[in-house]
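Okay, here we've got a single chain as structure tokens, the form predicted alone, with questions on binding and movement later.
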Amino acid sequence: MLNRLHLFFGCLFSVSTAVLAQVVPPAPYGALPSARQLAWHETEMYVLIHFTPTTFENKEWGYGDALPTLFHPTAFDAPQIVRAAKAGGFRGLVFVAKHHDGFALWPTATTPYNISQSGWKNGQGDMVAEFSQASRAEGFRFGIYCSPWDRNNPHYGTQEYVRIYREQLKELYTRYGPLFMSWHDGANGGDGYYGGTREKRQIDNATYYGWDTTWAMTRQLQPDACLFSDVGWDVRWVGNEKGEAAETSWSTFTAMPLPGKAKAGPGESNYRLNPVGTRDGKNWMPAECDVPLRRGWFYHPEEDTTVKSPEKLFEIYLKSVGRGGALDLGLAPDRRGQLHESDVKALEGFGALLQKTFARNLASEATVKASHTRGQSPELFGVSRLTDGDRLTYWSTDDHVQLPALTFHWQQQHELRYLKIREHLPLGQRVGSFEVDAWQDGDWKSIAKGSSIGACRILRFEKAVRTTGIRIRITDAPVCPAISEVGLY
């Protein structure tokens, strides 16, 4: 009898395994993210550090003629800056190794205009190294910004400068460990010092730098680094410096030509499209939403009382991370080489507000039901995947079920204000729109609508809702959904 039971259960297990094996995952849809882009999405929030002689000139952009000795922080503390960013919930740091003024903050062989001439640490300092070490000590991802425009270099505008710029990148790529971003500003050409000529030099940024050759070097030396520029390559500029993506924001993008041009070249785009992206665009090119914590990117003592509040930062978070992009917050060390107390306080308050808002996910306490489950296989694609904390698992439906619904029920009423929902990005951005209903007075009532989910979509309901049930209905999708997470707060 015991042998018969073993045989029965063994056969049952074999049949169940065979059935599960026949339930295939959904096919990918549209442009797809690379591994480095997926890692960038998981970072979600990082900071951008501006600290050059410009800080000591109390200017917003350096002209390139400041004496190297002007750069002399009195109490530089990279760990203090990184810890303050971490308290704000940030996970990465991009350091401006060279801004438009051309002053290199590492001891480089490519130009005498560098930190070894500053007198800081008797010419033995390396600020890129210190930020790299401080970032990695706190578990931060580290990236580099090296401006292609150089208002100091006498060779700017010639091919010799392009060679110099690539050598600068090579030094940065090979000395400071793995990078998660190689960041390149769109400001190019204009007036500058240029070795004493003090003139304007205009270049065609679409052709002058020979970006294809430069990016090939990036891919070789830093294969995990996402390339950022105004129109992308891996990550696109959102099109403003307010930190805001559009209400509907796609992670896919097709570059469109500037007005009056027949086609879009490298580094060119009609920026009005950047906040929105392109539905079913040719490339996976999500939006980075950059904004300074202060009015500008560099420290100015008169702005100590105008630092953005935690509440303002939270609003920006909802319009950046909450719309499928990433938040890149500009931090400006003061002349000590530390963040001012006002900046530290704002970051701490923002981090506390994030923690308080998203501390308790009521979706994980609900009874969850789906109108449909792929292959009738809850083990692989069931609703338990929505709240398991694993971004690699997801709920999905059969291919022909493109507009399903999810319901969340509780035994008692809860007051809800936020919905967070994420798609399984390795399968592409699939959902066009959705609607949220609340169970009130014995019926479902619409309380919110959303679009373009992607990496993360956060809806803040117009007012707090007291209810025992929430329903999420997919209202537009060309293919079946693949939802990796739902949060209700």
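Bear in mind that the values here come from a model prediction, so they are computed numbers and not experimental data. Start at 1 and count along the sequence shown; that's the residue number.
One more form of this protein, predicted in complex with beta-L-fucopyranose (FUL), exists but is not displayed; see below.
Although the partner is absent from this view, residue 186 contacts beta-L-fucopyranose (FUL) in the predicted complex, with a non-hydrogen atom inside 4.5 angstroms. Mapping the unseen interface onto this chain, residue 120 falls outside it, with no heavy atom inside 4.5 Å of beta-L-fucopyranose (FUL) in the predicted complex. Contact between residue 297 and beta-L-fucopyranose (FUL) in the predicted complex is found at the 4.5 Å heavy atom cutoff. At the 4.5 Å threshold, heavy atoms of residue 425 stay clear of beta-L-fucopyranose (FUL) in the predicted complex, well away from it. Remark: none of the three candidate residues (90, 244 and 315) comes within 4.5 Å of beta-L-fucopyranose (FUL) in the predicted complex, counting heavy atoms only. Heavy atoms within 4.5 Å of beta-L-fucopyranose (FUL) in the predicted complex belong, among the stretches 42-50, 417-425, 65-73, 27-35, to residues of 42-50. Though beta-L-fucopyranose (FUL) is absent from this view, in the predicted complex it lies within 4.5 Å of a heavy atom of just one residue from 385, 100, 236, 323, which is 100. Checking 410, 145, 215, 161 for any heavy atom within 4.5 Å of beta-L-fucopyranose (FUL) in the predicted complex turns up a single hit: 145.
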